[in-house]
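For reference, the chain that follows is the form predicted on its own, supplied as structure tokens.
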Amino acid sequence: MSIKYEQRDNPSPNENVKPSSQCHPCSEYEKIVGSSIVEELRLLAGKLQGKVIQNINSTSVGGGVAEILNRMLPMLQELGVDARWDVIKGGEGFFNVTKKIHNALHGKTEEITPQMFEIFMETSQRNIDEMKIYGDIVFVHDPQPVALIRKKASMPDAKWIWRCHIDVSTPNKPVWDFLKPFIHQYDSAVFSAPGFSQPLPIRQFLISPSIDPLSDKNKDLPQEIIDKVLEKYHIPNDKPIITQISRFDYLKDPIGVIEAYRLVKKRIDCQLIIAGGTATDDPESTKVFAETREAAANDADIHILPIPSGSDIEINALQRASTVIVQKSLREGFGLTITEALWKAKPVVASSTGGIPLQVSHKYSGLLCHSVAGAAFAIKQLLSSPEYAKRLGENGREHIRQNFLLTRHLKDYLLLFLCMYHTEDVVYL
């Protein structure tokens, strides 16, 4: 079988990805987390001198993994850690298959044919042949590059880690059985939450994702910038704004968000923003965007916004302009859009799925829901009780400050890398 193999906006294997130049000195985080945390990062980083950390994923643009790597690598490098980033190469057929694999691992019903597995393996073999593995620690993110472990024999001293950003607690069995032989060859695996993993014969670590509080997407903004973004997208601020910001993905349930909004609209005059973009490894998103626009019909109070990659200030402004932020996912990995919303002290209504309950404690840092009707009820409650909504938002911000900022994430990764050289007395999840 032969498939078309093209680049799709990704760098070629070993054309090292250059992270965002917009980063901040570690010292600037002291005002948020304290000087002792930053000093601890420097101490841990010093123990990794001489080690090269090679990150490998499927896209340099779009999605939470690319966003985290863009923020994390400059800080690791400032701390003196030689951290680098490479991206596999693949064509449309490959990314169509990996999207189905992604959905199937989340538990969604997908038909994965033997031919699709062949496409996955043919592209994987090309990357195996072409990609140079040079890291002392090879940090492979998610299923798309998982087969690179076949190069392990050529790097016998390297430590291989598979980082799974997906909830694989109830995966499609044939897909999981296909991936297991690769995963079992890694030295360790990392998951985002205690309930996300599967029994494995290798060490497992729990490391939750994070946000960068000083990035363009999360830093404080003056009101005039927020107003300009609303003006750009022709969004009036004369009524409450309900917002969901996510990639256009069936698992984010944008149609369900519209249905919940319409239930709220019967009682409270409001407007809805559904904003998001696409990623180079997600060919399905264009179709989802078109279906979402169709579902919005001619409602002038529904704003369906395609936000291109790199529009972090605009996303920040839309979140800060919102009255309530929603994340009505059917399945979710961790849900960094929730982290971003809570950091801005916004009241949140979110599905009780994936890593969202780690962030949203029901009736303390937000409201959890299980259906369209439940989401609508919670949104109405927050719109009708602004003081209650404010209190939930304040609680949420403090919860994020203590648990889900980039400095904590960096510390966990530094400890993970050091653990690769100290295998005694490791506690398995």
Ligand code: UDP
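Numbers follow the displayed sequence, beginning with 1. Just so it is clear, the model here is predicted, and its values are computed rather than measured.
What follows is about the form predicted in complex with this ligand, which we do not show.
Shown alone here, residue 374 lies farther than 4.5 Å from this ligand in the model of the complex, counting heavy atoms only. Residue contact with this ligand in the model of the complex: residue 104 places no heavy atom within 4.5 Å of it. Heavy atoms of residue 183 never reach within 4.5 Å of this ligand in the model of the complex, leaving it off the interface. Proximity of residue 247 to this ligand in the model of the complex falls within the 4.5 Å heavy atom cutoff. Annotated contacts: 63, 67 and 315 all touch this ligand in the model of the complex [non-hydrogen atom within 4.5 angstroms]. Here the chain stands by itself, but in the model of the complex one stretch of 167 to 175, 118 to 126, 334 to 342, 221 to 229, 334 to 342, has heavy atoms within 4.5 Å of this ligand. With the partner omitted here, the residue from 254, 135, 355, 277 that has a non-hydrogen atom within 4.5 angstroms of this ligand in the model of the complex is 277. The listed set 235, 330, 288, 307 contains one residue whose heavy atoms approach this ligand in the model of the complex to within 4.5 Å, identified as 307.
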